[in-house]
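Structure 1 and structure 2 below are the same protein chain in two forms, each given by itself as structure tokens.
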Structure 1
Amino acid sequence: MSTAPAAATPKKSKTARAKLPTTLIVTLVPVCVALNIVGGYIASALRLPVYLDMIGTAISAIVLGPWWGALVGVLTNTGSALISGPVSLPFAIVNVVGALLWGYGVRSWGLGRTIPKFFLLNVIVAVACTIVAAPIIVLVFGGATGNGADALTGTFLAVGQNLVGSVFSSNILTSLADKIIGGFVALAIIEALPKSLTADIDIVKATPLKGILLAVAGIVIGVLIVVVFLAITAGSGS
């Protein structure tokens, strides 16, 4: 669409990012929100064991800025509250934390410059999201999430880990796979976006997903060994 810069001209402002017109942001935010919700739907249609429902958050946080990403996060959970009930509302905080980390990570801390750095950023996002999500899962759902990971939570409980620890341990595994794969899918999408949107973002070129999947498998197995070890230690200690 070569006509976009014409729309941009009347709304010039002093900041570098404000060259994106308000109307573009006002439309990009709901598109990213809808993509978050549809992303989760696509992941289940492709029968993937991950959610991939924060890709819109990652894209908006990296392209528009962390706080726009946070708005996308809040609207995602508000929107899904209107679709599937209000129980998803508290998880808006998880979405906001993810958005701020992705946004500041790429735009301020330079964690998007190389593939290893971007990988590390996604690991940080995954851990932070789990730290925020685990207490919410315990308080609102008593530790249940309704997917296969609950069996793992039950196993950790059976060996003597406490409830928050068990939820954290099983959630970190799904979260790592989800955020790392989601982050790299977002990277591939950002690369394919019009240059007018991504010109001033310092981010590495996307890489084939196969290598990333192997790395994800490695890290998930590694973390699984650690959390099982911790659960057994906690069980024998109590």
Structure 2
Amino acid sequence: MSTAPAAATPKKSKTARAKLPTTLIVTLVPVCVALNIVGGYIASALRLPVYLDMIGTAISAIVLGPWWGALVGVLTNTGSALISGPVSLPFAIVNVVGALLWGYGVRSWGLGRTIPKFFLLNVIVAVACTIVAAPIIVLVFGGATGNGADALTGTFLAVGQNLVGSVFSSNILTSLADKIIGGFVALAIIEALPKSLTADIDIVKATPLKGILLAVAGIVIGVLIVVVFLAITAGSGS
């Protein structure tokens, strides 16, 4: 008498393996939103030529998943609008784009496995965010939103660029600095989380000290981008 072959055990999907504890979501989402809002407020108050409002977006997108990061982005801009006025609302889409790229970049495309790949991912996020943000700045706000990047836009205008070119040029520079800083600070924070929460994430592993050094390196690179190009454009205008 023949016996029926045993049914093959279905493979667990990546989504099933990465089932997120509800407590992690409930805890991390508001913390990341608060981190974004505080970072953005500090950058705005000090008129820094960066934004610092997507560090929490990167953390949540990588740890929880891209669409959770997108939710953090939307909540960030909504919360910022309630605190500081509606200027940040149109830029919610920028935060969503960053979340999707960081999340899918690390979790699906393998761009978090090494430091060079993660650096490249931050550059991709910066370029994509600029492509989305620059038209909003020009069409909705006439080229200036009241943050530190406006001074850089003015520098490009002073050397003869038109408004669209000036906004795009200033935004790509500040966005590169911002996303490199934000990405590596997020990486350091992720590395400081309990390993049980990050074991399934395909991202470069580092000791706490190395994580801090990576964050510092990201900050230094970001600052240098702004300083070097400010010096170049200032020299062109003299």
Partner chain sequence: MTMTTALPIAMIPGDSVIHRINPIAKLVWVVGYIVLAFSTQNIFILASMAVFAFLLGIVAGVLKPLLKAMIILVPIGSSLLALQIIAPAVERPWTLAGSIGPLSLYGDGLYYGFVLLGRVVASLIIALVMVMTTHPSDLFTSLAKLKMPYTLNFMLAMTLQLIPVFQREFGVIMSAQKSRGMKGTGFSAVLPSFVPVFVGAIERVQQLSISLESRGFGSDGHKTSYRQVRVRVRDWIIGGLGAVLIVGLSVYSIIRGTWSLSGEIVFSGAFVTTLFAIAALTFFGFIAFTIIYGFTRK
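Structure 1 provides the reference sequence; residues are numbered from 1 along it. Take the two forms, find the largest set of C-alpha atoms that superpose within 1.5 Å, and that set is the rigid core. Quick caveat, the model's predicted, so the values are computed rather than measured.
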{"query": "Structure number, where the criterion is the form predicted on its own", "finding": "2"}
{"query": "Core-superposed comparison between structures 1 and 2, residue 51 Cα displacement 2 Å or beyond", "finding": "yes"}
{"query": "Core fit, then residue 65 C-alpha moves 2 Å or more between structures 1 and 2", "finding": "no"}
{"query": "Core-aligned CA displacement of residue 188 at least 2 Å between structures 1 and 2", "finding": "no"}
{"query": "Core-referenced Cα shift (Å), residue 41, between structures 1 and 2", "finding": "3.9"}
